[in-house]
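Encoded as structure tokens, the following chain is the form predicted on its own, with no partner shown.
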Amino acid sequence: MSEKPLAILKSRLDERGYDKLSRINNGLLHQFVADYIKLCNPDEIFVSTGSSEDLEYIREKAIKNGEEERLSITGHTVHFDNYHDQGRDKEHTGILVPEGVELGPAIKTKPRDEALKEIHEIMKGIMVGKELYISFYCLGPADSRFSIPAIQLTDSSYVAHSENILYRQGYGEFVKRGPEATFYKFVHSQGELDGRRTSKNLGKRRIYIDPEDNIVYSANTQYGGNTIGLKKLAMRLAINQGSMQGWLTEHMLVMGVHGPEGRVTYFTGAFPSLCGKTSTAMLEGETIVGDDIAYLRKVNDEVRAVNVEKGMFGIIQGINSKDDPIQWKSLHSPGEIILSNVLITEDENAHWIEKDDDVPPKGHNHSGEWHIGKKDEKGKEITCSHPNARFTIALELCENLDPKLDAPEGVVIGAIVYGGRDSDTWVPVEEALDWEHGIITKGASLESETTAATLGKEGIRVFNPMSNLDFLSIPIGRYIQNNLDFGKDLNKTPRIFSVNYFLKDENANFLNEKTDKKVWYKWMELRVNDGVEAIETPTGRVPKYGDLKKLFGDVLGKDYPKSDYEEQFMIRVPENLAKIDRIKEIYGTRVSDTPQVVFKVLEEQRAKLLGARERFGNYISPDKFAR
């Protein structure tokens, strides 16, 4: 162990802080911390071991330095980001790659040497006059084959506080592993702050991910998606690591679906933004393991998964007492919760877009003092809360928490679900024919339509394989091949399904109610456990009408007319053929390393659709395929 980093640490830390770090017998960690203390040059340094005393120190600091303010409900606080720092900065986020390495046009990269020079220059002296918080975490349950230790350096008490809610503490993991520990490293500074204590130099906002050294850099930003390093930023590191070691990091919920006689079958599910992911993870009657990121490993010829996190960084817009009763109850109960970029009224209560009550006439939010009708410098009306306003909450505050959240061995996965916003092609629920067919026609072919409310133009289909495109740190073709290989040589391969909550009729009316998804998941649970049969169509296996009619009565207490079934589960041949054309064009022109089996499986599906059209026409009742 080099004495130099320890000498630096001893000169910069107080006695307690030095003692905490020196108890970790890992020279690489000491070197990392010493290097960035020298570079960022904070005035003060606090080392957290995750003890109740240390966690309380960070909570109180967030209040004292103005990064958060207390609300009327005990334990609730609010944080505001800069008005123009309200989402992931895709333009200035990049994977650092050495010279000669290409990840493909869909993945934003930066030349490694050039980017490291730039970020080190930006971070030079960036913490002068500030306090540095050093925290230790564990991605995945502690003391597990899934565990990845991580260290976060940040000058934002809000970021440290958020991560203390979202992630398992990992100081003990570092002490236990000692010099054998390999770990992820995160360096963040919010940079210079304005009068509202929000990041000022957004023109120098940078988020760089370096898989070679497993380091993430983030500067001149506070928004959680850019700064809470263990979330989507760490995903890039884990995707790269898993690709080399034979396991998967997926943008997936993990939930327990409850079947007959107390049976629980665990599902993962991948959904692009605004496609029902969180509402699925929080379905009444089911239990949540996680809502966002999962590690999947093959253990004893089974697929097992863990939630990387222990909390939820969720979008708050639209949460109301009718559609989201579990989240609503949690957000109105005492407990440690951070709201961000919502409206705060004079009586210290929070309001957000589409909350139950009428919008208050005034208050303060991410734009400062606010009133109904306020406009920004471009003349755009400012809503009471930002559409991307968030809440940070520990899952233990949710009444539907699954007891296996922290199980070191994870949960056995019975099904994997892919879902997007699709008005005219996919049926509400469908089972793939096998693993290969599911990965290619469901996961690798995932698209989602834009909405006018979010992107200004409706109906544009966005390609997003496995809902993971934004977070890939390896070429798309390699990622698809990794998924294909992962399903090989298993005693019991998880079944793969697609769902579509957004199918519309010819008059643009939704064909599904919001609550119908409860039925689709009960049907899938039965399929995984061989409890019901299915009808095989050219695109996959769909439910039989009688099974759905019974489930609608048992689960929702309502009738399910045959006419609804016919319209929802009709095989739409022209739309499915057009989708195959779109996906083939993407993999043929935008992905240079596409596995050839992708084209083979898509062509097999095309041939089945053409054959069905010859026999039955363009729009086919599922009963035509029943045996």
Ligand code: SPV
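Not measured: the values here are computed from a predicted model. Throughout, we count residues from 1 along the sequence that is shown.
This next part talks about the form predicted in complex with ligand SPV, which is not shown.
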Item checked: Option touching ligand SPV, based on a heavy atom within 4.5 Å in the model of the complex, out of Arg461, Arg88, His332, Lys362 -> Arg88
Check: Looking at His351, Arg206, Lys232, Arg421, which has any heavy atom no more than 4.5 Å from ligand SPV in the model of the complex?
Finding: Lys232
Check: Where does ligand SPV sit in the model of the complex: which of 332 to 340, 221 to 229, 422 to 430, 137 to 145, heavy atoms within 4.5 Å?
Finding: 221 to 229
Next item on the list: May I ask you to state whether Phe313 is within 4.5 Å of ligand SPV in the model of the complex, using heavy atom distances?
Entry: yes
Check: Does His161 reach ligand SPV in the model of the complex if we count a contact as any heavy atom within 4.5 Å?
Finding: no
Next item on the list: Classify Ser273 as contacting or not contacting ligand SPV in the model of the complex by the rule of any non-hydrogen atom within 4.5 angstroms, answering yes or no.
Entry: yes
Notebook entry, point to check: Is there a heavy atom of Asp324 no more than 4.5 Å from a heavy atom of ligand SPV in the model of the complex?
Noted result: no
Note to self: Could you pull out the residues of 277 to 294 that have any heavy atom within 4.5 Å of ligand SPV in the model of the complex?
What the structure shows: Asp292
